[in-house]
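Single chain ahead, by itself, as structure tokens, in the form predicted on its own.
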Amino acid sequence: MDNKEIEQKLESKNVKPTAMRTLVYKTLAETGKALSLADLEQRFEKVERSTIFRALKTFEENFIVHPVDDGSGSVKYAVCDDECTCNIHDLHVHFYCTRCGRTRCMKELPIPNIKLPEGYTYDNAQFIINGVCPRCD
């Protein structure tokens, strides 16, 4: 994905495509896995943590990325599909490899629709499968 495509993607979500936002998005899109703030900090050593964090939060608020709590101790971020609005119908399974620490979205496996008892409402749902990925097997 080139920078022009990234800029168009961000603008389509009403996000101003700054140089840093473009770099963060490109990194997330090209790795093919969910990355934490610390992972991104390592890739952009000369950039302040708060700058990367603000880019991630802006992306999250505009349905460009979604957070993944895979149980590793730090929230990771993965790129959303174009149509994603991060509602219950967009949620999917995530796979956490216990050997290499990679977290992968499994968009082909939606989270099952669970009927909550009356009076309960959901804010979010996470479905994490822990195991060994094909790379590590």
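Rigid core (definition): largest C-alpha set, two forms, superposition within 1.5 Å. Numbering starts at 1 and runs along the sequence shown. No experiment lies behind these values; they were computed from the predicted model shown.
Below, we turn to the form predicted in complex with a further copy of the same chain, even though it does not appear here.
Query raised in the report: Applying a 4.5 Å heavy atom distance criterion, does Q126 contact a further copy of the same chain in the model of the complex?
Result: Output for Q126 is yes: heavy atoms within 4.5 Å of a further copy of the same chain.
Requested in this report: Evaluate V132 for contact with a further copy of the same chain in the model of the complex, applying a 4.5 angstroms cut-off between non-hydrogen atoms, and reply yes or no.
Outcome: Contact with a further copy of the same chain, yes.
Query raised in the report: For A38, is any heavy atom within 4.5 Å of a further copy of the same chain in the model of the complex, or not?
Result: Answer no; every heavy atom of A38 is more than 4.5 Å from a further copy of the same chain in the model of the complex.
Requested in this report: Report yes if any heavy atom of E61 sits within 4.5 Å of a heavy atom of a further copy of the same chain in the model of the complex; otherwise report no.
Outcome: Judged by the heavy-atom cut-off of 4.5 Å, E61 is well away from a further copy of the same chain in the model of the complex.
Report task. Choose from 23 to 31, 104 to 112, 76 to 84, 41 to 49 the stretch whose residues reach within 4.5 Å of a further copy of the same chain in the model of the complex, heavy atoms counted. Result -> Flagged stretch: 104 to 112.
Report task. Align both forms on the core first, then report whether K16 has a C-alpha shift of 2 Å or more between the shown form and the other one. Result -> Shift of 2 Å or more: no.
Requested in this report: Spell out whether the Cα of N124 moves at least 2 Å between the shown form and the other one when the two forms are superposed on their rigid core.
Outcome: Yes, shifts by 2 Å or more.
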